[in-house]
Structures are given as structure tokens and as C-alpha cells.
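First, one chain by itself in C-alpha cells, the form predicted on its own.
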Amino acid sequence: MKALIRATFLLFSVLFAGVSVAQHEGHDHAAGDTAHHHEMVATGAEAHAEHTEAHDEHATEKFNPGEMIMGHVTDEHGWHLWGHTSLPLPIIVYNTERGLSVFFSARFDHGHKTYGGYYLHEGKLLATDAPDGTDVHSATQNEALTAATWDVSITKNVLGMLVSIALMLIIFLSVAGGYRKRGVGAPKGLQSFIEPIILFVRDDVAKANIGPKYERFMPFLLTVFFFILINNLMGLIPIFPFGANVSGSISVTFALAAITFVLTLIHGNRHYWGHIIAMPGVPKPVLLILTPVEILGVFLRPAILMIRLFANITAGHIIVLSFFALIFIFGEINAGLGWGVSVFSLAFTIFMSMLELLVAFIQAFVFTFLSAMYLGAAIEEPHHH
């Protein structure tokens, strides 16, 4: 289905590029004839010069692949659907001087206008003293207002997380209902797909890394595994309400890693902290170097979790979008060249989509596995010989 959608989008984009090239050539030829015909009329020549200058400026606007790619992988205050159609999302912002403001992002006119004393700049909400409807290029940022502004809007990633949470509730409530009806018998339907994954997380992740006390951490490990997995899979579907880059958001991965970090600090026993602060059997002069390194490692572990998930998921999306961008880049040079490149771009896009499908499972497993390993090291009891 995804390949069919991308192929359709590819055909429309190439056709649009060919029509645009033909229109530009036709306008340039007509402009030359008009200038020659009205060269003795001063007012007509001036009007034609202004029109030609505006047309040339429009014609020199080139496709910006970086802007297109970053616009898809970063968070937004609206959800682009198709063409110039977007789904406006609620803007919820609190300012110490203006109080609470709640409105929809459609008031910003796709980020071109100000409203309610605010405007969007590179996806961020900034405060301004400019009146409503002012063009953002002429709006000036008010540093005092911006410093005292808290943006708690429902963004694209927030809505994507809400959708994933709803899916998780539907899946696990359905599976729980199946166990209530059939007991511990042979699983059926959705239960037969979810149960092997749960057993895998329990036996190969939790038990293998945490040990006998694994049960207290199973709710967290299962939740984080399925949350990452579902959001990774949703990000591969370019249709609303899917397509949000939730797992590729550094704020989301930071929150997940922070939970692992807090659990490690809370459940760390005396044996764990003793090896970090003063490792037994190590000379005291060496501890002056080793102890700071071990303390730094406590903070580096969740940082590794955060960066690993964010970088891998975001890189996959950027690569897929880069192949799409090649079609438009070469299409601006020549329509036929765009057609030729589109064949290879589509093939690589399908290949990367299959690879991303595998990465979606791998990254969910790696994050859960490392979290279990850190928790297991925190509660490990000393070995007596």
C-alpha cells in the first residue's frame, strides 16, 4: 500500500514538474514578444518590466530539499495532509502578562501571519507586539514576552503519541479480554500475535538481564517496548493519523531515557553504588580517576539510549525523503531526467522502507534490552565465594 501511494505521488510530482517547465518556457516567449511590441510606450514598458521582474523572481525559486526534509521529520503545529491542505491543531500557550491563550494553528495562515500576539518561526511559537494579521517577515520578536511564555500546544508529535496510546489500549484490552474468556489455553486472533512478543521480552530481555526480580520491571519494559515499536511502525505510514516522527523526536527519546535513569537511581542498591563511588580492590590513588569516570557513566547510559533511538529513526526518514528529493532536483534540470531518476529513487525508497521496517523492531528491542541491562546492574546482589 505504501509503495502504491508513493508511486502515485511520484507520477503526479513528475507530471507537475513537466507542466511547470512548459509554462515557464511559454511565459518567457510571450514576454519577449510583448516587450518588442510595446517598446515605444513608456508606461506599458514599465508595467511589463515590473511583471517580468516579478516573474523572473518566481521562476528563480528553486526546490529546497533541506527545507522539505526537515519539515517532515521535525515537529509542527499543524498536520499536513495533501497539497495545501493541513489539519490545524490546538495552540495552548501561557504568558505571564497575557495569560492563557487557546486557539487553532489555522489562525497563523500556514505560518505566514501573526495572531493573538504570537507567530511561528521555524516551527517554534514566539511572542510579538505586532497586531493580528501582520506578515511574519515584518513581525519583531519581543524578548521579554518570549522569555515568559510556555507553549503546551497539541503538536503533530503529541497527537501521534495520543494515537499510539489509543492503539496500545485497544490492543492490550483486547488481549486481556481474550485471556479472561479462554484462560491460559491456546491463543487466538490478536492474542496469538502479541503473546510471543510478550514472552520474548520476558524471557530473553527481562529474565536474562535482571534476574529473579524481573517481575517488578515487566510493566515498564513491556510498555516502553510496544510504545517504541508502534510509533516506529506508525511513522512508516504516510497517511493521517500516522506518519508522525515520534520516535525521531529528541524530546520523546529524552523522556523515555529519563524514566530508565530515574528507575536506576531509585532501585540501585548498596552494592551498585559502592562499585561506582569506591570500587573494591582498587588503590585509592586510582579511585581519583576511576570514580569520576564511573559517575559520568551513570549519566552517559541514558544519554546513549536517547541518542541511539533518535539518530537511527531520524536517519531512516531522512534517507527516504532524500530519494524523493532527487526527483525534484533533477526534474528542475530536465523533465526527462526527472523521469529517469524517479525509477531509481522509487526502487531505493521501497528498499529503505523494508529496511526501516526491520529497524523499527530492532530499535524497540535495543532500547528495552539496554534498559533491562542497566536495571539489572543496579539491583545485582554481591556474589559470595
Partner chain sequence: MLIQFSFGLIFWMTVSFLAVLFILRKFAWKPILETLNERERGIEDALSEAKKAREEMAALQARNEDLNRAAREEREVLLKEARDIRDKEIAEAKEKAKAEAAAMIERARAEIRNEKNAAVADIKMLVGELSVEIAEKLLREKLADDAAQRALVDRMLKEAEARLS
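Since this is a predicted model, take the numbers as computed values, not measurements. Positions refer to the first chain, counted from 1.
Separately, the form predicted in complex with the partner chain exists; it is not shown, and the next lines address it.
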query: The single option of F261, F226, W79, Y115 touching the partner chain in the predicted bound form, heavy atom within 4.5 Å; finding: F226
query: In the predicted bound form, the one of S138, N269, T85, S251 near the partner chain [non-hydrogen atom within 4.5 angstroms]; finding: S251
query: Option from 163 to 171, 104 to 112, 283 to 291, 235 to 243 whose residues, in the predicted bound form, bring a heavy atom within 4.5 Å of the partner chain; finding: 163 to 171
query: Three-residue site K62, Y119 and L326 fully in contact with the partner chain in the predicted bound form at 4.5 Å by heavy atom; finding: no
query: Interface membership of W150, the partner chain in the predicted bound form, 4.5 Å heavy atom rule; finding: yes
query: L199: touches the partner chain in the predicted bound form, heavy atom cutoff 4.5 angstroms; finding: yes
query: Heavy atom of N95 within 4.5 Å of the partner chain in the predicted bound form; finding: no
query: Contact flag, W273 vs the partner chain in the predicted bound form, heavy atom cut 4.5 Å; finding: no
query: Residues of stretch 117 to 131 in contact with the partner chain in the predicted bound form (4.5 Å, non-hydrogen atom); finding: E122, G123, K124
